[in-house]
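Shown here is one chain on its own, the form predicted on its own, set out as structure tokens.
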Amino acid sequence: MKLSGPYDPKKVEDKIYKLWEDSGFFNPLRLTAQGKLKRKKAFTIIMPPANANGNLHAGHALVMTIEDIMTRYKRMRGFKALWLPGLDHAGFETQVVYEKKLEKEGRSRFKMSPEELYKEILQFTLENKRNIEGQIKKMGASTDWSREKFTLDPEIIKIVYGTFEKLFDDGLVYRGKKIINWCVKHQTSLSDLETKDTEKIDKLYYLKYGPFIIATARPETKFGDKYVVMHPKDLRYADFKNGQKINLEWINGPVEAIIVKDEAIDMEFGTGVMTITPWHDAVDFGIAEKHHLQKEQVIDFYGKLLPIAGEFEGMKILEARQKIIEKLKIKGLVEKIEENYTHTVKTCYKCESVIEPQIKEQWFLKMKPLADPVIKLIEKNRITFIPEHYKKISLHWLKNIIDWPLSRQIVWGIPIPAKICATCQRAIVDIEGNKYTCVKCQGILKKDTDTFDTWFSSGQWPFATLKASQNKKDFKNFYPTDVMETAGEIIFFWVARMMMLSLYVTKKLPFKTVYLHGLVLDAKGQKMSKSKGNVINPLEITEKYGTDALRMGLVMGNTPGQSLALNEDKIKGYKNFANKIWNASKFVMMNLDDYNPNAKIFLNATQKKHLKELQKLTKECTKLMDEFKFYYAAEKIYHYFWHSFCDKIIEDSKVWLANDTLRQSTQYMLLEILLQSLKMLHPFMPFITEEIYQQLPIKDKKKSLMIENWTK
């Protein structure tokens, strides 16, 4: 059979993907031993579960490309290669997406019952899940769909609950009334990782507080301030004693304040003295805990002032701020106002609303006991980071880790399997849901309505997916996994948490290598966003230029950890490369009509040289692939095929093919070079290489190029 016409990805890609799926070779247990490929050793990647709340974006396309390159390469190298796919319900992120949908429809989640909202989001998520699965296939992902998992699968939830119960029994999970990051818009707590440090310009108010001048950007919190704190070594305030009481006039009348000396105070900020609001500031909360001080709520969970604010009760923060200052001016309590005070505030990473710290009962996970064993193993180089500097970054975060608030006040997610005693507030874990009264006081137990932070379930992904497999030997055969490939920006969100939770549950690190890629940026090097209008839709690109061209555009020049500027012209160039591969293959096959694969071949010196160069290239590329330098291997293969094979070898062979003495050896050489080139290109450009391979007249041809031996 000969190749006909120009290369048309639209006619090839769906057909080829069906061929792969029908072959069963995505399943490592169905990879038959062929030739030298005995496949005794496993190679495992667990796909980072894409959020099932939208379409595949450029970042997903990069993940699919890099992980498919790894999997296809290892499969061709004789490994039982498993790439296990999955999708994430994505908790808070999905609920935010759905809330935006409701807003466009003129609806609000606050006017829906939890059951109604959950049902709607579930249907929305499952529809998106099916959609993304199809899009992943469009990217050529050779992932084992028979093992696909979803973070809301019952068997996954059972494992997540089992981990929570174990943590609770071991004293690592506790319920406490601590300060948390509260998003007023979304009405939920957030972990520190779900907030952004945002630079903001506000006014800095210098206020007279008895004999002191205090500086604050948030006068609206000052109604509850009755502690004046200064550094014990600040000589300016040496005459004031710890615990000393002073009387003064304040916003709504006279108050009694208590002097507190503490090292947490920055002597360089303002006047070196401050009042504290323990309910609404993490530093203040820490001081109050240390000195056993009272804490009083001033702002409610909707961002409005409480009765403690007197005449300002019910006002929103920004509305009240200026009115409070006006009242203080009338009282002569405003010393001065700094107009352009630049400071950093925490904002919600989704809606960018300013975070309002609040004290709230939550489930917390003690992180230090989980982090310490991981730190030791990282320091012993039991895990490899690519690029290497992420090792230092990870260690720094792990050594300074704080407890993780697991509770989220949202409907969408995995419910926390716990109950709270209405009488004594004792919290218990109740996975089976069959406990009704408190053992301690016989009070009625009420279901905790909070859900888990989605990262708690996805943090168990490597072992949960394999333990939940229908094949009971999967965990034994494929865990620990070999590589975790994901975005560098979620090293703390996800990667570090997977290491901690997996080591805690399985006594083993979940992967041997962490490969971290950077962001996919637009052609100008800017972060993609809908508001900028610069989002590159990978499916539109594949429709226009073919999937192979996009994959090459994503990997060429893409070094680990570095952001990639992706432009359409670059992808168009790789479509031209695909055409070059097609035309070169067409030329070789056009000249094989009389080829006898069993004939004795006598190569001339130049032909031997060409084959030796190919052998050298294969060896170099193998080393690069083993070192995870896919960008460099792709570049070498690309330049060899275009400039050595097409520009030189094929041109030289045109004369040899016309020579009866050299024709057979030339045919042999061309076929050898083409076949080996297709093998090396296959992990990067699987569709076109498979289509050509299926039509090559070679001996011992396999059912698919993806199970060919990488080398002879």
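For every residue, the number given is its place in the sequence shown, counted from 1. Keep in mind the model is a prediction, meaning the values are calculated, not measured.
What follows is about the form predicted in complex with the RNA, which we do not show.
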property	result
All of Asp68, Tyr73 and His292 within 4.5 Å of the RNA in the predicted bound form, heavy atom check	no
Candidate from Val255, Cys351, Leu539, Leu204 lying within 4.5 Å of the RNA in the predicted bound form - any heavy atom	Leu204
Contact residue in the predicted bound form, from Thr513, Thr559, Asn131, Thr622 (heavy atom within 4.5 Å of the RNA)	Thr559
Heavy atom contact within 4.5 Å of the RNA in the predicted bound form, the stretch among 321-329, 504-512, 448-456, 584-592	584-592
The RNA contact in the predicted bound form: Asn576, any heavy atom under 4.5 Å	yes
Contact label in the predicted bound form: Met274 to the RNA, heavy atom within 4.5 Å	yes
Exercise: Tyr161 in contact with the RNA in the predicted bound form, heavy atom 4.5 Å	no
The RNA contact in the predicted bound form: Phe602, any heavy atom under 4.5 Å	no
Stretch 640-657: residues contacting the RNA in the predicted bound form, 4.5 Å heavy atom cut-off	Trp642, His643, Cys646, Asp647, Ile650, Glu651, Lys654
